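The chain below stands alone and is given as C-alpha coordinates, in the form predicted alone.
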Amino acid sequence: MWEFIVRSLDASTIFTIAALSELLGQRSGVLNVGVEGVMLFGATIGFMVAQTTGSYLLGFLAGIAIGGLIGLLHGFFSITLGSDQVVNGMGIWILGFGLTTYIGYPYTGPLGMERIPNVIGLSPFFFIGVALIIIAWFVLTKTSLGLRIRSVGENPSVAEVSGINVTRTRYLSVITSGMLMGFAGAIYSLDYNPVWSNDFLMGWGFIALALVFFSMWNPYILLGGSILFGTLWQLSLNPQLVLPDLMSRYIWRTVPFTITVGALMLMSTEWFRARWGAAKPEALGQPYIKD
(Lines give C-alpha, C1' and ligand atoms only; values in the text may rest on other atoms or scores of the structure.)
Protein backbone atom coordinates (compact mmCIF):
# COMPACT_ATOMS: atom_id res chain seq x y z
CA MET A 1 0.00 0.00 0.00
CA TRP A 2 2.84 2.40 0.82
CA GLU A 3 4.26 1.81 -2.67
CA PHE A 4 0.88 2.71 -4.16
CA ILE A 5 0.72 5.92 -2.08
CA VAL A 6 4.27 6.88 -3.06
CA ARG A 7 3.65 6.34 -6.77
CA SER A 8 0.39 8.30 -6.53
CA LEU A 9 2.15 11.26 -4.92
CA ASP A 10 4.94 11.06 -7.50
CA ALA A 11 2.34 11.24 -10.27
CA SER A 12 0.56 14.10 -8.52
CA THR A 13 3.85 16.05 -8.52
CA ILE A 14 3.84 16.23 -12.31
CA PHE A 15 0.19 17.27 -12.39
CA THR A 16 0.88 19.88 -9.70
CA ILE A 17 3.80 21.58 -11.44
CA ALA A 18 2.26 21.40 -14.92
CA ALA A 19 -1.09 22.77 -13.73
CA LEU A 20 0.57 25.45 -11.60
CA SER A 21 2.50 26.62 -14.64
CA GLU A 22 -0.72 27.06 -16.59
CA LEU A 23 -2.38 28.77 -13.63
CA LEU A 24 0.36 31.42 -13.58
CA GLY A 25 -0.09 32.10 -17.27
CA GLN A 26 -3.87 32.26 -17.01
CA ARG A 27 -3.71 34.62 -14.04
CA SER A 28 -2.04 37.11 -16.38
CA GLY A 29 -4.77 36.58 -18.98
CA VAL A 30 -2.88 34.25 -21.34
CA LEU A 31 -4.36 30.83 -22.07
CA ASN A 32 -2.14 28.00 -23.31
CA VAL A 33 -4.01 24.82 -24.24
CA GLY A 34 -0.74 23.35 -25.52
CA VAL A 35 0.50 22.28 -22.07
CA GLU A 36 0.96 18.74 -23.36
CA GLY A 37 3.13 19.95 -26.25
CA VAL A 38 5.44 21.98 -24.00
CA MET A 39 5.73 19.04 -21.60
CA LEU A 40 6.62 16.74 -24.50
CA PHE A 41 9.42 19.10 -25.52
CA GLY A 42 10.72 19.34 -21.95
CA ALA A 43 10.53 15.58 -21.45
CA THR A 44 12.20 14.70 -24.75
CA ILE A 45 14.96 17.30 -24.75
CA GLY A 46 15.66 16.66 -21.08
CA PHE A 47 15.86 12.91 -21.72
CA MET A 48 18.17 13.35 -24.71
CA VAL A 49 20.54 15.71 -22.90
CA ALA A 50 20.66 13.62 -19.72
CA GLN A 51 21.34 10.40 -21.63
CA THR A 52 24.00 12.04 -23.81
CA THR A 53 25.84 13.83 -21.00
CA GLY A 54 25.10 11.48 -18.12
CA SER A 55 23.98 14.48 -16.05
CA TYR A 56 20.53 14.82 -14.51
CA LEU A 57 21.20 18.49 -13.81
CA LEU A 58 21.86 19.27 -17.46
CA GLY A 59 18.80 17.27 -18.45
CA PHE A 60 16.52 19.25 -16.17
CA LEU A 61 18.08 22.56 -17.20
CA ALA A 62 17.56 21.66 -20.87
CA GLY A 63 13.90 20.80 -20.21
CA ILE A 64 13.37 24.09 -18.37
CA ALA A 65 15.17 26.07 -21.09
CA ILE A 66 13.16 24.60 -23.99
CA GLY A 67 9.96 25.18 -22.03
CA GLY A 68 10.88 28.83 -21.49
CA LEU A 69 11.70 29.21 -25.18
CA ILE A 70 8.33 27.80 -26.23
CA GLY A 71 6.65 30.03 -23.65
CA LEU A 72 8.39 32.98 -25.29
CA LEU A 73 7.14 31.79 -28.70
CA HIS A 74 3.60 31.50 -27.39
CA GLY A 75 3.92 34.97 -25.89
CA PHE A 76 5.10 36.44 -29.20
CA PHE A 77 2.06 35.14 -31.07
CA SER A 78 -0.47 35.72 -28.28
CA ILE A 79 0.80 38.98 -26.75
CA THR A 80 2.75 40.82 -29.44
CA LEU A 81 0.74 39.70 -32.49
CA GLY A 82 -2.54 39.32 -30.58
CA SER A 83 -3.54 36.15 -32.40
CA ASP A 84 -6.00 33.56 -31.10
CA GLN A 85 -4.53 31.96 -27.99
CA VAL A 86 -6.39 28.66 -28.39
CA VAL A 87 -5.11 28.26 -31.95
CA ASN A 88 -1.58 29.10 -30.81
CA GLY A 89 -1.77 26.51 -28.03
CA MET A 90 -3.09 23.81 -30.34
CA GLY A 91 -0.26 24.60 -32.73
CA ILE A 92 2.24 24.09 -29.88
CA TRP A 93 0.67 20.74 -29.03
CA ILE A 94 0.73 19.52 -32.64
CA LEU A 95 4.32 20.73 -33.08
CA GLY A 96 5.36 19.05 -29.84
CA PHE A 97 3.70 15.77 -30.75
CA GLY A 98 5.22 15.64 -34.22
CA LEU A 99 8.69 17.05 -33.64
CA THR A 100 9.45 15.14 -30.44
CA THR A 101 8.42 11.91 -32.16
CA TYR A 102 11.00 12.61 -34.88
CA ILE A 103 13.92 13.81 -32.76
CA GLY A 104 13.32 11.41 -29.86
CA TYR A 105 12.98 8.19 -31.86
CA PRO A 106 16.72 7.34 -31.79
CA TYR A 107 16.56 7.53 -27.97
CA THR A 108 13.67 5.07 -27.61
CA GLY A 109 14.12 2.90 -24.53
CA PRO A 110 15.25 3.29 -20.91
CA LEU A 111 17.38 6.19 -19.72
CA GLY A 112 20.06 3.84 -18.45
CA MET A 113 21.17 5.99 -15.50
CA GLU A 114 21.06 5.39 -11.77
CA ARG A 115 17.72 6.54 -10.37
CA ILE A 116 17.49 9.84 -8.49
CA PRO A 117 17.63 9.18 -4.71
CA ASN A 118 14.30 9.39 -2.90
CA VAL A 119 13.29 10.66 0.54
CA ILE A 120 11.45 8.01 2.62
CA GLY A 121 10.41 6.53 -0.70
CA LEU A 122 9.10 9.81 -2.13
CA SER A 123 10.63 11.63 -5.05
CA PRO A 124 12.35 14.87 -3.96
CA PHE A 125 10.27 16.61 -6.62
CA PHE A 126 7.12 16.04 -4.57
CA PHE A 127 8.48 18.39 -1.92
CA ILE A 128 9.56 20.83 -4.62
CA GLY A 129 6.03 20.78 -6.01
CA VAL A 130 4.50 21.57 -2.61
CA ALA A 131 7.04 24.37 -2.11
CA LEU A 132 6.16 25.82 -5.53
CA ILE A 133 2.46 25.85 -4.59
CA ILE A 134 3.21 27.81 -1.40
CA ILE A 135 5.52 30.22 -3.24
CA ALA A 136 2.97 30.79 -6.01
CA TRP A 137 0.19 31.47 -3.49
CA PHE A 138 2.39 33.91 -1.60
CA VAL A 139 3.56 35.73 -4.75
CA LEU A 140 0.07 36.00 -6.24
CA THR A 141 -1.67 37.16 -3.05
CA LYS A 142 0.94 38.92 -0.94
CA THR A 143 3.33 40.74 -3.29
CA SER A 144 3.19 43.66 -5.68
CA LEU A 145 4.30 41.37 -8.51
CA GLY A 146 1.32 39.13 -7.85
CA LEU A 147 -0.96 42.16 -7.85
CA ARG A 148 0.41 43.20 -11.25
CA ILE A 149 -0.10 39.71 -12.66
CA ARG A 150 -3.67 39.53 -11.40
CA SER A 151 -4.39 43.06 -12.61
CA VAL A 152 -3.34 42.41 -16.21
CA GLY A 153 -5.41 39.23 -16.14
CA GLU A 154 -8.52 41.03 -14.93
CA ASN A 155 -8.47 44.36 -16.74
CA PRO A 156 -5.32 45.15 -18.74
CA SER A 157 -6.56 48.60 -19.79
CA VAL A 158 -6.97 49.74 -16.20
CA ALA A 159 -3.65 48.13 -15.28
CA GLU A 160 -1.88 50.05 -18.04
CA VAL A 161 -3.41 53.34 -16.90
CA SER A 162 -2.22 52.52 -13.37
CA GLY A 163 1.36 52.35 -14.62
CA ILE A 164 1.68 48.57 -15.07
CA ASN A 165 3.43 47.40 -18.22
CA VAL A 166 0.92 44.80 -19.45
CA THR A 167 3.14 43.36 -22.18
CA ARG A 168 6.16 42.93 -19.91
CA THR A 169 4.08 41.37 -17.11
CA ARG A 170 2.38 38.92 -19.45
CA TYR A 171 5.69 37.93 -21.06
CA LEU A 172 7.18 37.30 -17.63
CA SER A 173 4.21 35.10 -16.76
CA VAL A 174 4.14 33.00 -19.94
CA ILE A 175 7.92 32.47 -19.99
CA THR A 176 7.87 31.35 -16.34
CA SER A 177 4.85 29.21 -17.15
CA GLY A 178 6.68 27.57 -20.05
CA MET A 179 9.75 26.88 -17.92
CA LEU A 180 7.62 25.08 -15.32
CA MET A 181 5.85 23.06 -18.02
CA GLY A 182 9.22 21.97 -19.40
CA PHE A 183 10.33 21.12 -15.86
CA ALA A 184 7.21 18.99 -15.32
CA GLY A 185 7.89 17.12 -18.56
CA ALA A 186 11.51 16.53 -17.57
CA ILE A 187 10.42 15.14 -14.19
CA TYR A 188 8.23 12.64 -16.01
CA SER A 189 10.95 11.37 -18.35
CA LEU A 190 13.90 11.54 -15.94
CA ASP A 191 12.32 10.50 -12.65
CA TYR A 192 8.75 9.20 -12.76
CA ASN A 193 9.06 6.98 -15.84
CA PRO A 194 12.60 7.19 -17.30
CA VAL A 195 11.81 5.36 -20.54
CA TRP A 196 11.30 7.31 -23.77
CA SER A 197 8.63 6.23 -26.24
CA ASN A 198 6.37 7.90 -28.75
CA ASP A 199 3.75 10.22 -27.14
CA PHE A 200 4.52 8.78 -23.71
CA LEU A 201 2.68 11.49 -21.75
CA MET A 202 -0.70 10.08 -22.85
CA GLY A 203 -2.77 13.18 -22.09
CA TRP A 204 -1.19 14.30 -18.81
CA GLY A 205 -0.93 17.86 -20.12
CA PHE A 206 -4.65 18.04 -20.86
CA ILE A 207 -5.49 16.77 -17.37
CA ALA A 208 -3.20 19.48 -15.97
CA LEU A 209 -5.03 22.07 -18.08
CA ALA A 210 -8.39 20.89 -16.74
CA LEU A 211 -7.03 21.01 -13.19
CA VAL A 212 -6.57 24.78 -13.47
CA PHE A 213 -10.29 25.25 -14.10
CA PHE A 214 -11.11 22.56 -11.54
CA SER A 215 -9.13 24.51 -8.92
CA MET A 216 -10.88 27.80 -9.72
CA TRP A 217 -7.40 29.34 -10.04
CA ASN A 218 -6.54 28.63 -6.40
CA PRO A 219 -3.09 27.02 -5.90
CA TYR A 220 -4.12 25.07 -2.79
CA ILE A 221 -7.24 23.58 -4.40
CA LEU A 222 -5.02 22.78 -7.38
CA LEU A 223 -2.69 20.79 -5.11
CA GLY A 224 -5.60 18.79 -3.74
CA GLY A 225 -6.92 18.13 -7.24
CA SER A 226 -3.48 17.03 -8.39
CA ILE A 227 -3.22 14.51 -5.55
CA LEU A 228 -6.69 13.21 -6.45
CA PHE A 229 -5.81 12.77 -10.12
CA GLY A 230 -2.41 11.32 -9.29
CA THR A 231 -4.16 8.69 -7.15
CA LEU A 232 -6.71 7.96 -9.87
CA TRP A 233 -3.95 7.60 -12.45
CA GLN A 234 -1.97 5.19 -10.28
CA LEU A 235 -5.17 3.29 -9.51
CA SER A 236 -5.70 2.86 -13.26
CA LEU A 237 -2.24 1.28 -13.51
CA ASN A 238 -2.47 -0.99 -10.45
CA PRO A 239 -6.14 -1.34 -9.40
CA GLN A 240 -5.49 -4.79 -7.92
CA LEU A 241 -3.47 -3.18 -5.11
CA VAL A 242 -6.53 -1.39 -3.74
CA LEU A 243 -9.67 -2.72 -5.42
CA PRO A 244 -8.85 -6.20 -6.73
CA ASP A 245 -11.24 -7.76 -9.28
CA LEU A 246 -13.56 -4.74 -9.28
CA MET A 247 -13.03 -3.58 -12.86
CA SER A 248 -10.54 -4.06 -15.65
CA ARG A 249 -7.52 -1.79 -15.45
CA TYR A 250 -8.38 -0.60 -18.96
CA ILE A 251 -11.66 0.76 -17.64
CA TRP A 252 -9.84 2.33 -14.69
CA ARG A 253 -7.50 4.00 -17.21
CA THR A 254 -10.45 6.03 -18.55
CA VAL A 255 -11.51 7.29 -15.09
CA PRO A 256 -9.16 10.36 -14.87
CA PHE A 257 -10.20 11.49 -18.35
CA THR A 258 -13.89 10.83 -17.67
CA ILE A 259 -13.72 12.98 -14.54
CA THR A 260 -11.84 15.65 -16.51
CA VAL A 261 -14.56 15.77 -19.18
CA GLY A 262 -17.29 15.79 -16.51
CA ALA A 263 -15.63 18.63 -14.61
CA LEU A 264 -15.27 20.72 -17.76
CA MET A 265 -18.92 20.09 -18.69
CA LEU A 266 -20.00 21.20 -15.20
CA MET A 267 -17.91 24.35 -15.46
CA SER A 268 -19.52 25.23 -18.77
CA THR A 269 -23.02 25.38 -17.24
CA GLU A 270 -24.79 28.62 -16.41
CA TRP A 271 -25.14 27.53 -12.77
CA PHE A 272 -21.41 27.11 -12.30
CA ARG A 273 -20.56 30.36 -14.10
CA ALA A 274 -23.08 32.27 -12.03
CA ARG A 275 -21.82 30.79 -8.76
CA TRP A 276 -18.08 30.50 -9.35
CA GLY A 277 -17.41 32.53 -12.50
CA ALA A 278 -15.91 35.39 -10.50
CA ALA A 279 -12.81 33.25 -9.91
CA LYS A 280 -11.95 33.25 -13.61
CA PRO A 281 -9.58 36.02 -14.75
CA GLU A 282 -11.82 38.46 -16.61
CA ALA A 283 -9.45 39.02 -19.53
CA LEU A 284 -8.41 35.36 -19.95
CA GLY A 285 -7.76 34.55 -23.59
CA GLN A 286 -8.28 38.14 -24.73
CA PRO A 287 -5.42 39.93 -26.52
CA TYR A 288 -4.60 43.41 -25.28
CA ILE A 289 -4.12 46.11 -27.88
CA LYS A 290 -2.79 49.33 -26.40
CA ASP A 291 -4.67 52.38 -27.64
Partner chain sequence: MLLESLKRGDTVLEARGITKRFPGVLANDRIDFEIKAGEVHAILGENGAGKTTLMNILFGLYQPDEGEIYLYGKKVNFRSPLDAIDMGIGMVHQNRKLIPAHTVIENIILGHPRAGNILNLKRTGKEITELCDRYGFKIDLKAKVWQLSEGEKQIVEILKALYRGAKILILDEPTSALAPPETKRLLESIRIMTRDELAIVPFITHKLPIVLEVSERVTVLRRGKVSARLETTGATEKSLAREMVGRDVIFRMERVEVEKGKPILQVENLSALNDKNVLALKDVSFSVQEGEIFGIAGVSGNGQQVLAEVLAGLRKAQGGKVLLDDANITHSPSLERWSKGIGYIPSERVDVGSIGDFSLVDNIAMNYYFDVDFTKGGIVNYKGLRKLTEEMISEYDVAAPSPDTMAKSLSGGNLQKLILARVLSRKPRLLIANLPTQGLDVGATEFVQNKLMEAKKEKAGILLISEDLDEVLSLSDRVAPMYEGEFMGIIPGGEARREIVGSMMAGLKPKVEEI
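Please read these numbers as outputs of a predicted model, since none were measured by experiment. Numbering follows the first chain given and starts at 1.
The same protein also exists as the form predicted together with the partner chain; that form is not shown, yet it is the one meant from here on.
Worksheet item: Wondering, does residue 163 line up within 4.5 Å of the partner chain in the predicted bound form on heavy atoms?
Response: Within the cut-off, so yes.
Worksheet item: Might residue 218 be said to contact the partner chain in the predicted bound form, defining contact as any heavy atom within 4.5 Å?
Response: Residue 218: no contact with the partner chain in the predicted bound form.
Practice prompt. Would you please decide whether residue 143 lies within 4.5 angstroms of the partner chain in the predicted bound form, comparing each non-hydrogen atom pair?
Written response: Although the partner chain is absent here, residue 143 would touch it in the predicted bound form, with heavy atoms inside 4.5 Å.
Discussion item. Can you tell me if residue 159 lies within 4.5 angstroms of the partner chain in the predicted bound form, counting non-hydrogen atoms only?
Written reply: Contact with the partner chain, yes.
Worksheet item: So in the predicted bound form, are 74, 84 and 196 all sitting within 4.5 Å of the partner chain, heavy atoms only?
Response: No, the whole trio is out of contact, none within 4.5 Å by any heavy atom.
Practice prompt. Among 150-158, 102-110, 209-217, 88-96, mark the stretch whose residues have heavy atoms within 4.5 Å of the partner chain in the predicted bound form.
Written response: Within 4.5 Å of the partner lies stretch 150-158.
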